[in-house]
Structure formats: structure tokens, C-alpha cells
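Starting off, we have a lone chain in the form predicted alone, written out as C-alpha cells.
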């Protein structure tokens, strides 16, 4: 009887373990909604080794049509929407993600034959607003730990440039993600997400609808089939407009580079800079139609000199492809 009882307990324990193993891993909501978790694995966003970047069932990967340039880094993007909640479309702009949601973005570079994870940035939507937390990956690629002070990592970019890659500190996140004094997401706008991905989110109950104006920014790798203006405007919207817009960090520049802006002067055409300082070089206007080499906008994009280069954060190298896209747009303007 004792042997049978012991066997029964062992069998029950084994069945319980099997059931637990077959159950989808759950994201740790407490970690998302309170405190500052010290390790990326604390959240439960990924299956097994967090370095494998295999999301659990509740976490969905996504991509942007036109991505933000960050020294050529590969970016792995994910969104978590808590069970029992739903994201809401807000026209062509940012998706309205419910409290408890998280946006996860991992930056990686190919170093020789291996992909090396450098950092993961986590945006958490809490009851009192969004909070941004940076995590730095260890050499073993098994864990990323909270790096409130940021950090530096030596990497080689896809173009062969050796740089000291900069992981922003927690406060620097606000410089790009700040709007009217609050931290907000800047990436997942419906206009920059594929209609197929948005439809899949609706079908799985994570999004209420596919809005009008979705999926209108061109796919960067297929930009040759889009108009010159659309490619350049999409690039500026993604790479510059989070600061150069009303109520954002560079609103005092007078530039508004958002996709929806249609006033040429607000976009910089024959607009004199407000406070560019030496960043203007010897140029007089942000954009001179037909003359990109006389335009402050292109001059700053094509520079890697601190105090001149734009954007000020998030890159140490010049985006040759992005600069060329903006150059063609200005060249095509009627003088």
C-alpha cells in the first residue's frame, strides 16, 4: 500500500509537471506594472533563453515599413497586450495600447559569423503613464540586465565602421520619447505597419480594428517603387518627427517633419533656422528647393560631427541611404 501510494504521488506530480510544461508561458504582469525588474528574463517575454528572442504566445513580433536608423543595427520588435484587454486604433497614428502593455525592442549587430545582441529597450505602460527601461546584454548572450546609466559597447557596423555604440541612459530615453512632458511610444503607428499584421492582430483579439490610413508609408527595402517624396517624407517622419513636431523636444526649431504635415514652410522649405547655431554651417535655409547642398537639413544629416549631426542621439554614423533619399527629394523640388 505504501509503494502504491508513493507511486500515485509520483504519477500525480509527473502529470502536473507535464501539464505545466504544456501550458503557454505567461508574462509576469507584476513585473510589467510595478518596479524596475533587474533582468529582462524577469518579464517572461521570451521562451527559454531570452537571448534566443523567441516570444511567448502573448507577445507578438512586428516590423515597421520604414524603420528608424541606428547605425545599421538589426532590430527585433515585439508588443505585449495583456490578456483580457485590447489595443485600439487611433487613425493612422500610434496604436492606443492598454495599461499593462509593453513594447520590446532588441538591437543587434552581425559580428563576423555571429549575431550579437547589444541592448533591449522596454517601454512599459503603467497606470501613471509610460516608462522606458534599457537593458544591456552580457557577453554570453544569455541575459540582459537593467542599465539605468546606459553604457558603451564596441561594435562593427554593417558597412565595416568600428564604433563605440551608445546605450542611452534612462533619462536620455525621454529626449526622443518625450511629448508634452510625458514619455510616449514613437514606433508602432498604423501608417507604418502592414495591413496584414494589423489584420492578424484584429483576428487574434489584440486590436479592435484596422484604421483608415494604415500601411501607407513605403517599405524601405522596396522604396524604388515609391515616389521620391513619399520615401523622403517617410524617412523624416520616422527618424526626425518624434522631436521635430509641436510639443516635442525640438519644437523650438519651428520644423514639423510629421508625415501628415503639408505646409512647405513647416517642413523647412525656405525657412530660416530659429536656433541652429553652428549646426547651420554657412547655410541660410533649412531646405532650398532644387539645391540640397545649400540646405541645412541635408547638411546636418550628412555630418557625424557632434553638435552638427542630426539626429543628436541614437546614431554615431551617417545613414547614407537615408541621406540620399532626402537629397533626391530636395533636388526634385522646383527652385
Partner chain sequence: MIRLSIAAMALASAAPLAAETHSIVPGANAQERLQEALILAEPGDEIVLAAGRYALTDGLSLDVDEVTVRGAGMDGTVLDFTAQEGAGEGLLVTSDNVTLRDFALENPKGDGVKSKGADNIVYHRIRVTWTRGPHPENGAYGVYPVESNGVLVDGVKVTGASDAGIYVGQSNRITVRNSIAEANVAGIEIENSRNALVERNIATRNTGGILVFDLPDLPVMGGGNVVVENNLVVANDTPNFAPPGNIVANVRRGTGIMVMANDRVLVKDNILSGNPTAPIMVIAYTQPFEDERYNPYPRDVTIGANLIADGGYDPQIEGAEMLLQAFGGELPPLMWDGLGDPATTLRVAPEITGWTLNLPAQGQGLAGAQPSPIRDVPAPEADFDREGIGAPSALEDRLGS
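As the structure is a computational prediction, the values presented were derived from the model and not from experiment. Residue numbers count along the first chain shown, from 1.
Same protein, other form: the form predicted together with the partner chain, not shown, and the subject of what follows.
Option from 205 to 213, 94 to 102, 222 to 230, 165 to 173 whose residues, in the model of the complex, bring a heavy atom within 4.5 Å of the partner chain: In short, 165 to 173.
Contact at 152, 274 and 280 by the partner chain in the model of the complex, all three, heavy atom at most 4.5 Å: Spot residues vs the partner chain: full contact, yes.
Touches the partner chain in the model of the complex: residue 148 (any heavy atom, 4.5 Å): Because a heavy atom of residue 148 falls inside 4.5 Å of the partner chain in the model of the complex, the answer is yes.
Any non-hydrogen atom of residue 265 within 4.5 angstroms of the partner chain in the model of the complex: Residue-level check for residue 265: yes, a contact with the partner chain.
is_contact(residue 239, the partner chain) in the model of the complex, heavy atom dist at most 4.5 Å: So residue 239 does not count as contacting the partner chain.
Residue 253 within 4.5 Å of the partner chain in the model of the complex, heavy atoms: Close contact exists here: in the model of the complex, residue 253 approaches the partner chain to within 4.5 Å, heavy atoms only.
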